[in-house]
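Only one chain is shown below, in structure tokens, and it's the form predicted alone.
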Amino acid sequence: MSKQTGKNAASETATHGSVRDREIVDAKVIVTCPGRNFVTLKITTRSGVTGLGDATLNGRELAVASYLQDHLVPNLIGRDAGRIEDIFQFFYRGAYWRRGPVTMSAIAAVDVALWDILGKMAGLPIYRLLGGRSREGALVYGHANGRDIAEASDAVGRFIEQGFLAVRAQCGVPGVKKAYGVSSARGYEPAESELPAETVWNTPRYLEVAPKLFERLRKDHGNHVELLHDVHHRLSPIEAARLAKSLEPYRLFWLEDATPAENQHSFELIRQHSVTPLAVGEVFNSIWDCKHLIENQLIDYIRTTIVHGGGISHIRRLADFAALHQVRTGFHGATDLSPVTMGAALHFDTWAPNFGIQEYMFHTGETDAVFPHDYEFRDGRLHVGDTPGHGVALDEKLAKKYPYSPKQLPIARLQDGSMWDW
């Protein structure tokens, strides 16, 4: 490690502590379940400054916890917490087995925790470290769902009454016992059982009901509220093109995950047939998953998350690449991401010049108590505070009261029993 002398060294010591102060002396993985499972990494420096990172991967939490505990944590001890980029490259490029959701979620936890430490040592919120505000508050959308169209419309109305300017709407499909995204309860948590629940899907009936839902929503709520819809990868490219075209009269903010994107070229077919804006990427974990989609402007919003995409360091590259092609961000933000990720995401949203929208689902009161935070919702937007770092803390004593509870995401089959995309 090179030594700094004179004015530069003194300046770094004043703002970020000395190299010895920044030395990582402890890193521990905390798994807790205050309503749902979360994996959190806590890094501590020699000077006592701590940083938190989220490593939650819904339904596969312990896989990431093990990756962190067994492989990354031993390599963190003794390193300089201020060398964020070098540590990211060490864990990403230094690994023969690159990318994948487990690896990138673990790396993200390290990266976000280090940004949190840097902010605390500098006495600055992360958005200022990134370059300062591009906006006052991040536009967010909530989740409205119903067992039928009427119930879904009522739910959209309740979100509008709460001040939301954008709402994602889902409704039940006639003849489908349990459709994705539909719950009779206020909250929606898809990981409900220790072993995967098996659901049945019917594409023709879904394609009939979806346009009727948005026709009703525009009739009931007018044109000023932004409406979004999630297909959750359940259509073939030509089916997705048909749906996107049928929804054009209702001016959706976006149509999300219209078809699986492992084959990025499949979105070319949808683009040929419709001008409905397209969003995809919450299951992506690297810039390579969306390179063709972005550089060919086949999507309008990229949804890759900080927690599953390697942290702030990697997502910043992805967002800059997207900006070159007029693609905006639209981060996933369901309850399977802890407030730590939401805090980090909102700092990123506040800075990112090509920010589009942020998904926002209410965590349980238990979760909010375990992860106290300084962000708040008002006037249809989430606003970050000016707490140094990302502004989210962890009550470790309270977290211990909520032990891990095995839960997995459901699967989908067609009516003949064939496995289908979920």
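As the structure is a prediction and not an experimental result, all values here were calculated from the model. Numbers for residues come from their place in the sequence shown, where the first is 1.
Here the subject shifts to the form predicted together with a small molecule, a form of this protein not shown in this document.
Residue contact check for residue 250: none of its heavy atoms lie within 4.5 Å of the small molecule in the predicted bound form. At the 4.5 Å threshold, heavy atoms of residue 256 reach the small molecule in the predicted bound form. A residue is said to contact a partner when one of its heavy atoms sits within 4.5 Å of a partner heavy atom; residue 230 meets this definition for the small molecule in the predicted bound form. In the predicted bound form, at least one heavy atom of residue 334 sits within 4.5 Å of a heavy atom of the small molecule. 58 is the sole member of 69, 354, 387, 58 with a non-hydrogen atom within 4.5 Å of the small molecule in the predicted bound form. Out of the listed residues 25, 409, 414, 398, 409 is the one that sits within 4.5 Å of the small molecule in the predicted bound form by at least one heavy atom.
Heavy atoms of every residue among 282, 359 and 422 are located within 4.5 Å of the small molecule in the predicted bound form. Comment: 230-238 is the region of 230-238, 159-167, 99-107, 132-140 lying near the small molecule in the predicted bound form, near meaning a non-hydrogen atom within 4.5 Å.
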